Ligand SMILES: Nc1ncnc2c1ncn2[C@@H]1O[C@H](COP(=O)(O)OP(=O)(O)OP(=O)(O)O)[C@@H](O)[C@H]1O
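Take a look at this single chain, the form predicted alone, given in structure tokens.
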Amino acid sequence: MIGGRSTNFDAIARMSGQPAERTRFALDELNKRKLIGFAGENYVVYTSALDLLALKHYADKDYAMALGKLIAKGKESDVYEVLSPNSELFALKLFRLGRTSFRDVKRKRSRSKDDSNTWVTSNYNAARHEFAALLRLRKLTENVPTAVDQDRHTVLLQELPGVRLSQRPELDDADGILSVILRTAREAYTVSKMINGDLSEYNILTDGRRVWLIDWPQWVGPTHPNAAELLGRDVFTVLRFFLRAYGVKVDDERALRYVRGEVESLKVRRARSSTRGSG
């Protein structure tokens, strides 16, 4: 499957520049290892083969010497720990958009009108979209991951020392953490013209003192037809979580106006005295 579509033997042999017998042998070996398969008379590349090609890219650039544990498994991606030859830890994000409905992915991303796009193409596009977003945001704030490199359907990130807010960890200052999240969303919107589009406790990391907004492949701009709805959902989802888990209260409409840059300050108050989520 070249560029997301299946390819026949003659085309592969021609592109490889190898003799037909050698090409056939190589394809048979790849099939035995379940890296490629067949779709009629055509060959198709499986996700595992794309994973290996991406790992080779990072190994060749001395970013990856060993693949570690699975850090996170989400609706649209897997994240693995990667160790470099210099003992640096990275997080390798591999997109798996086929886990969610194609209609929902297209609604969020709205980047292509070609309904014939395959999941390979969608995953490649998502990785490029997130990598570009993180490079853009990192110039503005430290409260997003640092993107190191990108290849095929993957993004390589500096590993972050935190857990998801959904685990309800103890926070040194829940009021302050919420303020940082909303300020980061405000900077993304007012300066970079970006809306995360899927912000929740599941894609915010914290070490108890600092916070990072992760997962940006679905971001949209203020001119997107659903921009107002997506921005409001981002803000209200975070506010509901902090009220439920940490007893921190912010007026919904004022918070939304703050993120849109229409007011300069927030009024954060404690509904109950706890910095740790309950339940």
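Given the structure is predicted, the values throughout are model-derived calculations rather than measurements. Position 1 is the first residue in the sequence shown; the rest follow in order.
There is another form of the same protein, the form predicted together with the ligand; it is not shown, and what comes next is about it.
The single contact residue among I71, L135, L83, L140, judged by any heavy atom lying within 4.5 Å of the ligand in the model of the complex, is I71. Scanning V180, V79, V148, L171 against the ligand in the model of the complex with a 4.5 Å heavy atom cut-off leaves one residue, V79.
The ligand is not drawn, but in the model of the complex it has no heavy atom within 4.5 Å of M194. Using a 4.5 Å cutoff between non-hydrogen atoms, R186 does not count as a contact of the ligand in the model of the complex. Residue contact with the ligand in the model of the complex: T206 places no heavy atom within 4.5 Å of it. Of the heavy atoms in S87, none are within 4.5 Å of the ligand in the model of the complex. Only one segment in the set 119-127, 171-179, 157-165, 186-194 has any non-hydrogen atom within 4.5 angstroms of the ligand in the model of the complex, and it is 157-165. Contacts with the ligand in the model of the complex, taken as any heavy atom within 4.5 Å, map within 200-230 to Y202, N203, L205, I214, D215.
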